[in-house]
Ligand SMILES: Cc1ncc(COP(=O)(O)O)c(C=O)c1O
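As a starting point, one isolated chain is supplied in structure tokens, in the form predicted on its own.
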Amino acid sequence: MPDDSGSRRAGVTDANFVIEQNARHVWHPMTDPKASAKEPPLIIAEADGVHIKDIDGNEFLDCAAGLWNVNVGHNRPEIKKAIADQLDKVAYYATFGNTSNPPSISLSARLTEMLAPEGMVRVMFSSGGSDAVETALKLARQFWKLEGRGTKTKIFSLKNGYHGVHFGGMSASGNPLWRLAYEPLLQGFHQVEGPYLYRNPFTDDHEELGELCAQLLAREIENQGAETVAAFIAEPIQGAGGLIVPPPNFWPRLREVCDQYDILFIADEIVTGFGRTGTLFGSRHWGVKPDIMCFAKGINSGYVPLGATAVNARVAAAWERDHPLAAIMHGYTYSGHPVACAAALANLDIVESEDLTGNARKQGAYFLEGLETIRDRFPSVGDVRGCGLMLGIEFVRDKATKEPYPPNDPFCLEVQRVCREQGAMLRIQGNKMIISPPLVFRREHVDTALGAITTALETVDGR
């Protein structure tokens, strides 16, 4: 076998060399390794604004914002400068014990200020969304021990919910595709029916569905015993589970149920935080104040990995008393990473100064109007839905019966392929197309994306 170490050291970017090295060395997330070996992945080598380029120089409109997270767009000089400036000071030091760094302290203050309407007072940093959820689940259980009610350990969540890949978050997630290879999962996790408007066995009335699902949660809490339930966790809008937007009454009713049974309410804002829904936070869109909130992705637009978990005054107060279990025996090597926090501060300046929340609301409404036209036109489009710049298309074999295309069906993958040929990067998740572009999208970008989707459906539906 020839020695390629020199090429690696020299940073060779020859496309064939890189593709061969990927096939030899890399396993990709959420992918059967055989699939990557059979069809080489698209290798993204450059990015700027709302566009990305592959290693062969082909340009695409990034309609996925990386993975829900490059909210302010690629290659922002403000964030790059903040990163470089911080590297000139200190690239890393731990926040364990009694040490810290200025960017993490400044960011915690910035976040609690932004989250004042929700009443958040303390922040714990991590390396990403799965970490942030794991932190929330552990703090919820610890809270009840500090309160002298240690039997409250169970975690409730929704079917179709997605809460990351650690064992806690995976145990709370509601789709068996994410869990089957790793079972048995953790004990004490229970999923209940969520308000999937397009597919539910109850009703076509949105308000009635929201009420019914809240009642189902209450009934299951009573069945398990409220004295055993620590927390309920949900996404304000379900993302990876299918872009499921709940009825307006659902989240307020969830808050009422949690209050009724004295259960902590955890909002998984990994995707919805920092403007994507057209409000600064997804919980705020529904007018609800959670007890614990989880963040990542849009916190610094993915420039450096970062997650955060925030708690309100009631939760934080439990750690003010003397208790043998008060030490937070949890944390990550990169918790409060100074470079990641510096990037976040610059990122949040952009989100606020450019009103990306308002732009997401405006462009998202225009995008959804275009998707509704597509739904009415093509037999394979069963439903379209969205909120802000968080949108989705659900593909079906039969509109009348709502029979879905199965995972990895050639139809859905072909739609994705033709979209790429048209210069638009769009994600397929099962039988759904997920649309989550940067929040700096303009009307002309929306038109380009809609044109690519339309062409793809004309091509594939026409066959």
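Keep in mind that what you see is a predicted model, and the values were worked out from it rather than measured. Just count from 1 along the sequence shown to find any residue number.
We do not show the form predicted in complex with the named molecule, though everything after this point is about it.
Put simply, Lys297 is close to the named molecule in the predicted bound form: some heavy atom of it is within 4.5 Å. Put simply, Phe60 is far from the named molecule in the predicted bound form: not one heavy atom of it is within 4.5 Å. Using a 4.5 Å cutoff between non-hydrogen atoms, Gly275 does not count as a contact of the named molecule in the predicted bound form. Put simply, Gly128 is close to the named molecule in the predicted bound form: some heavy atom of it is within 4.5 Å.
Interface residue among Leu389, Ala136, Ala308, Ile270, judged by heavy atoms within 4.5 Å of the named molecule in the predicted bound form: Ile270.
For the residues Gly382, Gly364, Pro246, Gly164, the 4.5 Å heavy atom test against the named molecule in the predicted bound form is passed only by Gly164. In short, of 374-382, 256-264, 334-342, 128-136 it is 128-136 that has heavy atoms within 4.5 Å of the named molecule in the predicted bound form. Within 4.5 angstroms of the named molecule in the predicted bound form, the stretch 209-223 places no non-hydrogen atom at all.
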